[in-house]
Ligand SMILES: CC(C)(COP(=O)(O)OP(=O)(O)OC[C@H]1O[C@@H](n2cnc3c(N)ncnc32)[C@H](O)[C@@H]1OP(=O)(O)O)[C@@H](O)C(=O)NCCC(=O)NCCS
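For reference, the chain that follows is the form predicted on its own, supplied as structure tokens.
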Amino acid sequence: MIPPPRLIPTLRRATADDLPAIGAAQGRAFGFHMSPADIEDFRPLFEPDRWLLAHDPADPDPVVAVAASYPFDVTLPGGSVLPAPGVTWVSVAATHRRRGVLRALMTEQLRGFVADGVAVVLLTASEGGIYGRFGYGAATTDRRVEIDRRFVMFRPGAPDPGGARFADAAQARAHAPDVHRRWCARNPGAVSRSERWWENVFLDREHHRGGGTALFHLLHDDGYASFRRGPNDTCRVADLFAVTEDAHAALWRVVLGLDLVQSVSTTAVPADDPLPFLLADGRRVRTTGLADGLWARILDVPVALAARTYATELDVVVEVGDPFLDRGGRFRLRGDPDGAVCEPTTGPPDVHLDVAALGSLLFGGHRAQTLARARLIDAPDPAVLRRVDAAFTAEREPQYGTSF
């Protein structure tokens, strides 16, 4: 089979007038239609300078490919925060596949981030096989659970602190952002939400509800949850952010006490969540899906590695390969629970890995030992690998909390 000829697309930044054409291109790629009302709802989140568009001079369509980003911050293990663009709305028209368009977009976008001094870039992937070649590594795991609420009982002695209360949308809108900021501060991998982002969340348009009700809101002084009631006596938890264990227990006691609900589903129960241990039968929290969640692309290795803390003392020379952008090199990393220093070095390397594997380690969501077994990390001395594995462990399972 003869491959299609490579295309040298015309790349440009979007303007405010491009949003309808961008919406049409996204709809063709992902199988939906953006109405004029959808476009106007989205416009407050649309920052044209962050949107890169491709045009084929031989095609009358003004947009054949898109790559954009949102301005986020992300929390590192230890609690420090880095600006981290969230790459989004990436698509190439089916008429222009396998012609080098995506590579051109990714190259231009990442070079722009480098010029802006960005150390880490994030994305969530619609398909798992696309972004590794551009240096992104799967950094967290999405876990979907379903709970058979009819048979749930909290174990005797489980905390019952109270304090959760129902609220209307206006009350929740005033309360949730502060809780979320506090939640982000204690969760590695957590992604920030701007005021514009929250406004978009609370629009809660009927055609985006998947057949469910409008959002119900639960508030706690140290927590926030929202959920929808759905067909067949189901409940889908959209957000659950608890800053304290009391808030966590109080919110779940209300959700799992809802009348006329048979099953509760959510992605807000990570692998280390204590919820199963609050119940008399932890098997009622049943995992129904596991998938890659947040992906990370490191553009400045010393800045990214020095921004986090390490569970144990570590002094290691790491050689990072980056065949796509050549942003790797050899670095000496010295870290402990109080902080870290990472600097270029000419010393002999103890560990070899590429930048995508380093992205998988950054938030502590994957183990170095596991990546080494997959031949993504090479550490000839097993003792060094054990130290790296222990040091990169995060204080809790990383959660990003916001799909984009």
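Position 1 is the first residue in the sequence shown; the rest follow in order. These figures come from a predicted structure and were not determined experimentally.
Missing here is the form predicted together with the ligand; even so, the following discussion is about that form.
Taking a 4.5 Å heavy atom cutoff to the ligand in the predicted complex, the contact residue among Arg99, Arg327, Arg149, Arg229 is Arg99.
Taking Thr267, Asn200, Ser263, Thr124 one by one, only a single residue has any non-hydrogen atom within 4.5 Å of the ligand in the predicted complex, and it is Thr124. Of the stretches 170-178, 327-335, 88-96, 237-245, only 88-96 has residues with a heavy atom within 4.5 Å of the ligand in the predicted complex. Taking the partner from the other structure, the ligand in the predicted complex has no heavy atom within 4.5 Å of any heavy atom of Phe32.
The ligand is not drawn, but in the predicted complex it has no heavy atom within 4.5 Å of Arg205.
Of the heavy atoms in Arg286, none are within 4.5 Å of the ligand in the predicted complex. Although the partner is absent here, Pro156 is not a contact residue: none of its heavy atoms lies within 4.5 angstroms of the ligand in the predicted complex.
Along 123-143, residues Thr124, Ala125, Ser126, Glu127, Gly129, Ile130, Tyr131, Arg133, Phe134 each place a heavy atom within 4.5 Å of the ligand in the predicted complex.
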